[in-house]
Every structure is written in C-alpha cells, then in structure tokens.
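Presented below, as structure tokens, is a lone chain in the form predicted alone.
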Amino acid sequence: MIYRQLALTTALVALTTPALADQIRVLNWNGYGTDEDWAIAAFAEATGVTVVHDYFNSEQELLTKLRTNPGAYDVVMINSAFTPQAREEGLIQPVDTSALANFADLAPNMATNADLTHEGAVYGVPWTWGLTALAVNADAFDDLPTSMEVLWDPDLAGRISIRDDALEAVQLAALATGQDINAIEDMDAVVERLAALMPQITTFWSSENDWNQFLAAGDFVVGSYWSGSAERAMGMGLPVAFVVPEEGAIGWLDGLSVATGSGNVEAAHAFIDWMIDPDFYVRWAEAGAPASANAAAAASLPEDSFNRAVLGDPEVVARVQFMQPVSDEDRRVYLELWQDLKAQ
C-alpha cells in the first residue's frame, strides 16, 4: 500500500503548480470515480487542491444544477448524449487539451466523438464508456444465450427483468428489431416487441442494488444490465455472466467538462488529467469500473480483466451502437408509450 501510494503521488507531481487555488467543486453521480477517497486524497497531496462534490440523480437534474448555479462548479461529468445541449446552453466551456498530459493516449474514435467536440474545440474529455446489454444467472443456463431473443423465450416467462426506463426499453427493442437506436424508422415494430415482452417480465429494476438483490433472490434469470455493474456483481460472488448479444448493445460514453464560470479552470484541467491517468484508472478498476477511454489505461489492465477481455474484444465493439442525443419530443413519445405499455 505504501509503494502504491508513493506511485500515485509521483504520477501526480507533474500536476503540481503554485498557481492552483485550494478548492474545486465537482458535479457527478454519487460513487462514480471522481469521489474515490484515495483518489482525491492523492490529488490533494500532489496539488494542494481540495475536491468538493455535489451530486445529481438524473441528467435533467445535472442540467438544472448548472443552469441555476452559475459559477458553482468547476468540473462536471456529462454523458456524451447530453453534452451538446450543455454546450448549446452555454453551461460548459472548451477544454484546453494542451493542459492534459494524458489526452494523447485517449482512443482516437472517442477523442474525436462528435458529441464531445464542436468546430474543432473539445467540450467533453472522454473518460469512461460501457454497454447496456444482457446479464444472466449463469447457473440457470447450460449454454449462455447469444441472442436478445432470450428475453422472449416462452420457457423463461416471468423470469425476465429490464430497467424501468422508457428510452432504454425503446432502444433495446430497436436492437431486437434490427434497427439503428439513434434513427428508429419502424416504431410499430418496437411497440410490438415491447408489448410481447411485458408478460415475460417479473419485475422492473431501477438501480444496481435492485438488480443484484432481485437476481440473488431468484426473481429473474435474465435482465438488461450495465457492463460495469455486471463486473461488480461478479466481484461480489453473484453467478453473473455478461452477454453482448449478436443483435448488438447500447453504448454510452461519459466525458468530463469544465463548467462555464469556473473559478479555478487551471485546477479543473489538472483534475480532469488525473481522472484519465492510467495510474488512477487501474486502481479504480480493481473495485469495478467502467471501461476507460484512455487506451494506455486499458492496456495496463490484466489480460483476463473484464474490461480488457470483454470490452476490449474488437468483435464486441463492432456490435455496439453508441447513444446520440435524443430530442425532447422523442423522449416524450417514448415515455408515453412506455407508460401505456406498463398500464396494460
């Protein structure tokens, strides 16, 4: 532990500068990487900057906090599907990538993601990514399923669960019907598949804790799930296997942005650079983390690690459809049809 702490401190020495103020405020999900005690302690030791957190429970709440508290935050974690809206509303500012020593190691396709960049400027630094696909109770299957059709298997009626989220449900059904999740052309097919799925479902889940408890209790054997959460469930000893079906998976990409009105832009850049540093990521991954957008960090993981063995498989990545921004009108339509389906 002493050697590891020394290594972390050494890696952060390059971030040290007397010009940094003594505090930054970070807006993120609770328990999502940036607030790891050891990570912010190492950052504070190297830079003299204390990291204070505020949290949100939805992307809409995130946007509201930025709108109603101008200048209150320095670093904000935003999913790429919401970054363009934050940029258009003037809630975030361009990032000076020349101040990020680790930016050069980001995966090229993520560093140039169209939703995180605009007119040559970077508004969100790619940080982590993952998948929404299927996770199963491995003890319930002789052979793991390879297709999303397992959700509609009549032999598994009453043993299926998906997240209680309209957008996610619609996108899963779009995958099942062979469509682009970002350009759905046949909504009738989506509705038909979801209507057929409803009798299969025993319960809906809304949090990682829900999913793990329901699976452990035997309430279901197949459910939609997030890749990072599946890895943590495996680490807890649950008999979980993560499946990326042949139809594909929903990909998401989270970025770190500098809030407009930040009073400590230099320290904000330093903190973002620490968050994409391989030394931070490799230790975070020991406890179960999403995949890193930093190619050097991903390559530093053990070969048999989940994020390298599963998400590092080119055949898997080729089947991923990354989420793009969804209009308010589409979200309204999806929510209405989802509520109607659940009420039937």
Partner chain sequence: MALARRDIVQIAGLISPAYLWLTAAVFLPLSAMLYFSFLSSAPFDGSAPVFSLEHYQAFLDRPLYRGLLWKSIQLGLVVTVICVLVGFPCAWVLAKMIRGRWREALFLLVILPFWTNSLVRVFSWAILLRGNGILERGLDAVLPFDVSLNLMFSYPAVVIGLVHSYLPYVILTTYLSLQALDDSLIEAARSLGARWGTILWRIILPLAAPGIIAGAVLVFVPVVGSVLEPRILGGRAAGTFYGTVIEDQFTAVFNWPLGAALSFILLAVVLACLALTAPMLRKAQT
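Positions refer to the first chain, counted from 1. Everything numeric in this text was worked out from a predicted model, so none of it was measured.
Keep in mind the form predicted together with the partner chain is missing from the figure; the text below concerns it.
- Taking the partner from the other structure, the partner chain in the predicted bound form has no heavy atom within 4.5 Å of any heavy atom of V320.
- Using a 4.5 angstroms limit between non-hydrogen atoms, V191 is distant from the partner chain in the predicted bound form.
- Proximity of A138 to the partner chain in the predicted bound form: non-hydrogen atoms within 4.5 Å are absent; the residue sits far from the partner.
- At a distance threshold of 4.5 angstroms between non-hydrogen atoms, D164 is in contact with the partner chain in the predicted bound form.
- Proximity to the partner chain in the predicted bound form, defined as a heavy atom within 4.5 Å, holds among E168, E247, D219, D105 only for D219.
- Here the chain stands by itself, but in the predicted bound form one stretch of 109-117, 251-259, 196-204, 79-87, 196-204, has heavy atoms within 4.5 Å of the partner chain.
- Looking at 272-311, no residue comes within 4.5 Å of the partner chain in the predicted bound form, counting any heavy atom.
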